[in-house]
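Have a look below at one chain only, the form predicted on its own, in structure tokens format.
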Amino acid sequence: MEQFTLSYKTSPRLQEGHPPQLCGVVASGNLEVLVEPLDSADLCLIEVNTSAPGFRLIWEAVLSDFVERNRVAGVRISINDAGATPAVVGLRLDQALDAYRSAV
């Protein structure tokens, strides 16, 4: 049996002045995520380019969960996918957002 607790610190808008951050590599079964500032303070735009058509509902579920968990606003997220599983998508999004938040 395993037990763990996850804790997320969220904010309605990320701080200004962060440079764009790229995380991951487009390759078979993987993806890259680019996080960059967006002029609109109340929006999080996510663009998905995937080589696996027909999975929009799954993408919507994974991305909705990510946005809800992180309460991200003021960013544009671009995803280039080569068939990543939902778990890999979530991991890569979290990695990219962490890199973006820590960059100055």
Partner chain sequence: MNQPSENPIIWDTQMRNCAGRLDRGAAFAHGREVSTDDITKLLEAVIEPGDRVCIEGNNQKQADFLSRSLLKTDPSRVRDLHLLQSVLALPEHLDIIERGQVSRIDFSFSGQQAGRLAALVEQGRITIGAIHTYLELFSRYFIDLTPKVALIAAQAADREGNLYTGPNTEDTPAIVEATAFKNGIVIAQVNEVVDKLPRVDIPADWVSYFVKAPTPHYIEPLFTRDPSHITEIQILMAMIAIKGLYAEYGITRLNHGIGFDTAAIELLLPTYAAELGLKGKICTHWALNPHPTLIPAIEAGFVQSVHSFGSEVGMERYISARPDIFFVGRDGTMRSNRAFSQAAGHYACDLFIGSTLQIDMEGNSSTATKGRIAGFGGAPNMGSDARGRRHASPAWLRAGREALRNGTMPRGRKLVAQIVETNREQMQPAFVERLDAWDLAESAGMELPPVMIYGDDITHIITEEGISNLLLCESAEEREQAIRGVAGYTAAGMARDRRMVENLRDRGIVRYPEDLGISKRHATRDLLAARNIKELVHASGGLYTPPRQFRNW
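Since this is a predicted model, take the numbers as computed values, not measurements. Positions refer to the first chain, counted from 1.
What follows is about the form predicted together with its partner chain, which we do not show.
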For this session: Evaluate residue 73 for contact with its partner chain in the model of the complex, applying a 4.5 angstroms cut-off between non-hydrogen atoms, and reply yes or no.
Result: no
Problem set entry | its partner chain contact at residue 46 in the model of the complex, heavy atom, 4.5 Å | no
Exercise. Does residue 38 make contact with its partner chain in the model of the complex, using a 4.5 Å heavy atom cut-off?
Worked result: no
Seminar exercise, completed: Near its partner chain in the model of the complex, with a heavy atom at 4.5 Å or closer, the residues from 40-67 are 55, 58, 61, 62, 65
